[in-house]
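There is one chain below, alone, in structure tokens, taken in the form predicted on its own.
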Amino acid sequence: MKDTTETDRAMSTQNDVKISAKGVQVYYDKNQAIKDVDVEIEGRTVTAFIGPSGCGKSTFLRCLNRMNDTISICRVEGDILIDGEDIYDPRVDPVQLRAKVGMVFQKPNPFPKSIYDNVAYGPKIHGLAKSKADLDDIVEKALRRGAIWDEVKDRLHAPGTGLSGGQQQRLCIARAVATEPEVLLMDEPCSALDPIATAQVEELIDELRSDYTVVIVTHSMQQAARVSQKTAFFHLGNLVEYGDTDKIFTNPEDPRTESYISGRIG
């Protein structure tokens, strides 16, 4: 009986709402890119955002760690809460928010520094290490979580830019998890990678969801089907449909979702 209760408790913790968005609208100057999006993203789950190019999925993803703040003509309206806290509250420091909500971009972008310094950079600026030994531990742990430790442990002081594309992307994932974020955003993280490197990153995404809430934008429906438990379909700035990945792909409710998945739009 005890085991069942513990399992239920673990499941309920896992499925609690981590990110809640209500009435989110995004404008670039006078152009509206996102229209009235409501969505609740569960903790420790991989959620995929799919849809045609220019449909707003990356714009919405960037709202979740206030990356749109860096675009002067961009305006975000509505509410986005993480663990019940409004991330757009004026008292929220975007730099601290981005330590909690890590991001991995489409093109691998290691800093022009050593492999070690790429990973150590975030923990250093956020004061997460009390000593060099602490920092060494954080770097090793992050590189292991990025599934790249065995490949780089003997050349930590070589430049990160000298790695292959797939290794660079796993290094960027290690760099993102080094600050112990709770949410990991990935904007088409495999679009610049070959099939073997893509498979390695997909396997890593599946492993990461035991520790993180992962939100991934992907142009590949096959990838969404392989890595995610929840899928959100965006079209022309609207969130058309959101639900269990299996259901979205096999029995969508909205004809636009069905048209996109069957290749008639997009």
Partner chain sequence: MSDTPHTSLYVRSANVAKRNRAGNTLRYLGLGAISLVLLFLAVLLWSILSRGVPAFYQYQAQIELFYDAETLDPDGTLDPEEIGSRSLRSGYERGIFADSLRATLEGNGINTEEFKDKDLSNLIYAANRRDVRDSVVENLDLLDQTVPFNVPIASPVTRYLSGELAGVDRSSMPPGIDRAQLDLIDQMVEAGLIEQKFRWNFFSNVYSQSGEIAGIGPALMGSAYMMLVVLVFSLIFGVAASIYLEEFAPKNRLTDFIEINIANLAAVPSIVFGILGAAILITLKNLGFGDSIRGTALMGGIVLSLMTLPTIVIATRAALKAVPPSIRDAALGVGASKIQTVFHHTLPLAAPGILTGTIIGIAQALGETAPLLLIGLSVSTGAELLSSPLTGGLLEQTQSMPTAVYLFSQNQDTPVREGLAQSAIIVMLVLLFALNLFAIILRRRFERRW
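These numbers were taken from a predicted model, which means no experiment stands behind them. Positions refer to the first chain, counted from 1.
Just so it is clear, the following notes concern the form predicted in complex with its partner chain, a form of the same protein that is not shown.
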Review point. Heavy atom to heavy atom, is residue 113 within 4.5 Å of its partner chain in the predicted bound form?
Key: yes
Worksheet item: Taking 4.5 angstroms as the cut-off for heavy atoms, does residue 196 touch its partner chain in the predicted bound form?
Response: no
message = Can you work out whether residue 175 and its partner chain are in contact in the predicted bound form, taking contact to mean some heavy atom pair no more than 4.5 Å apart?
response = yes
Would residue 67 count as touching its partner chain in the predicted bound form under a 4.5 Å heavy atom rule?
yes
Looking in the predicted bound form, is its partner chain within 4.5 Å of a heavy atom from each of 144, 147 and 218? no
Partner contact check in the predicted bound form: of 150-158, 99-107, 187-195, 80-88, the stretch with a heavy atom within 4.5 Å of its partner chain is 99-107
